[in-house]
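Shown here is one chain on its own, the form predicted alone, set out as structure tokens.
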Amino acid sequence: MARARSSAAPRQPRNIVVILADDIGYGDFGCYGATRVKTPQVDRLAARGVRFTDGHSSSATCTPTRYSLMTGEYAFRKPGTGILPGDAALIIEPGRTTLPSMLQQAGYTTGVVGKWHLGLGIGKPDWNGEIKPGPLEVGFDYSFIIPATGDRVPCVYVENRRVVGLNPRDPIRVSYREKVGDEPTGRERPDLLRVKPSGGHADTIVNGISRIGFMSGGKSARWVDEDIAKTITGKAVSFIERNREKPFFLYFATHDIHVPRVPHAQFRGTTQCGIRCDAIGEFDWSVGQIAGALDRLKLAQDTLVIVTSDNGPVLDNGYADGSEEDVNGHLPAGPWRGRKGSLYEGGTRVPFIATWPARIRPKVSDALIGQPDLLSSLAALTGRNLPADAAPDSFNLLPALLGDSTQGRDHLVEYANGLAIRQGPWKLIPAQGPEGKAGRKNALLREPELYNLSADPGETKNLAAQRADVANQLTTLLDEVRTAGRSRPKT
């Protein structure tokens, strides 16, 4: 366990809040260099805590990142952890050690609000009855969730185990194979659309936007896209208010800035880089509401808040919303090559901020840290001993998380329909590893690619031939991690 500057072991924070953004890249916040979109709330947290420059999501896409964050296990180890449809079964086994179940055992009341995208139920969920297993079966005491994503049906909220606002006389039907009901699709009636698809997203129309998948019924329960951020932020603030007298853990997974990007009118046109950046401004507002609630309830001083993102950025991701045309010089991935879905660094290198005013002093850290490490690190912080078979790829980086050390991981596997590996400044993408950007067919690399990120952050100079020794060493290490079934040492 890390040592505080007083040489005493750090006490655990009274509360813990993890805010997971969606599709926000390394360069999308002011504190990471953005100038055409303002993010004062996130920047304020960064200025009060540790801002990591080598922090990584667990994967370059959403579902596997969320799986690894919850379980401390690389998602490539478990079949079925790719991007899930909206009617997928729960992919986390009830009873295994998870981040929320560990914190439950440490005495925290646990809640999840926002995007889930880890599946629900066994087989196909019963949207008209009790939906389980789900968040409550893997460690959460309360949940208010978007089942999958905003561009996938069903377009409803689920609170604990029930669809919110459902009229039983108008039951929900969902299919990802064939059309259900008689509601028009984007393919059939493009004239009804207010947001046009640029690829896919042509199934059932909800709120003037065609989605992935088919849905009928549940009209009284359907969300309004413009209100999603305010709805889930309000639920998160309510969770904080209800539990202010006892320790709590809040996992707040926003939908911004995932497609379809339909920010509230309050945020439209407020930035210099189009609707995608307007949605970043909406995300920043949500962060401010959470931080403001902690301040108002006098909880901020002793609350650990972590802000990060599920993967790197993407512009056009299936809807013609002008994100490509309106970028206006904004660099969503900062200096890094790649984006969501890519094995290049921009796919997983994301904002990673930790604040705890009572304990953490402001610092910029270059420690290599990944989201799977939160499970082991917070277990150490809260005095919990993990079972030997739990969190197989989660390292205790508590000293780095608290800003006491710049020593991070020795190595990190990056995952995006293929694997790459980082160690120190070196990055290896093996031959045949996929690359490219989300929404387009991945190309296969004919030769391995090796980059020195310290000298070449843009991954433009392939050194695999010149430094075959390093390439071979990293190839061996990646093979060991892949076949061993775990990378965290047994203790």
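Quick caveat, the model's predicted, so the values are computed rather than measured. Note that residue numbering begins at 1 and tracks the sequence as displayed.
From this point on, the text means the form predicted in complex with a small molecule, which you will not see here.
Engineer: Do heavy atoms from each of 151, 200 and 310 fall within 4.5 Å of the small molecule in the predicted bound form?
Structural biologist: Checking in the predicted bound form: 151, 200 and 310 are all within 4.5 Å of the small molecule.
Engineer: Please identify the residue among 315, 300, 166, 212 with any heavy atom within 4.5 Å of the small molecule in the predicted bound form.
Structural biologist: Here the answer is residue option 212.
Engineer: Considering non-hydrogen atoms and a 4.5 Å limit, which listed residue (259, 232, 290, 343) is close to the small molecule in the predicted bound form?
Structural biologist: Contact with the small molecule in the predicted bound form is made by 259 alone.
Engineer: In the predicted bound form, is there a heavy atom of the small molecule that lies within 4.5 Å of any heavy atom of residue 45, even though the partner is absent here?
Structural biologist: No - in the predicted bound form, heavy atoms of residue 45 and the small molecule never come within 4.5 Å of each other.
Engineer: Any chance residue 70 has a heavy atom within 4.5 Å of the small molecule in the predicted bound form?
Structural biologist: No, no contact at 4.5 Å.
Engineer: At 4.5 Å between heavy atoms, is residue 89 in contact with the small molecule in the predicted bound form?
Structural biologist: Although the small molecule is absent here, residue 89 would stay clear of it in the predicted bound form, with no heavy atoms inside 4.5 Å.
Engineer: With the partner left out here, check for me: in the predicted bound form, does some heavy atom of residue 339 sit within 4.5 Å of the small molecule?
Structural biologist: Flag for residue 339 set to no.
Engineer: For the chain shown here without its partner, which stretch in 110-118, 168-176, 383-391, 361-369 has non-hydrogen atoms within 4.5 angstroms of the small molecule in the predicted bound form?
Structural biologist: In short, 110-118.
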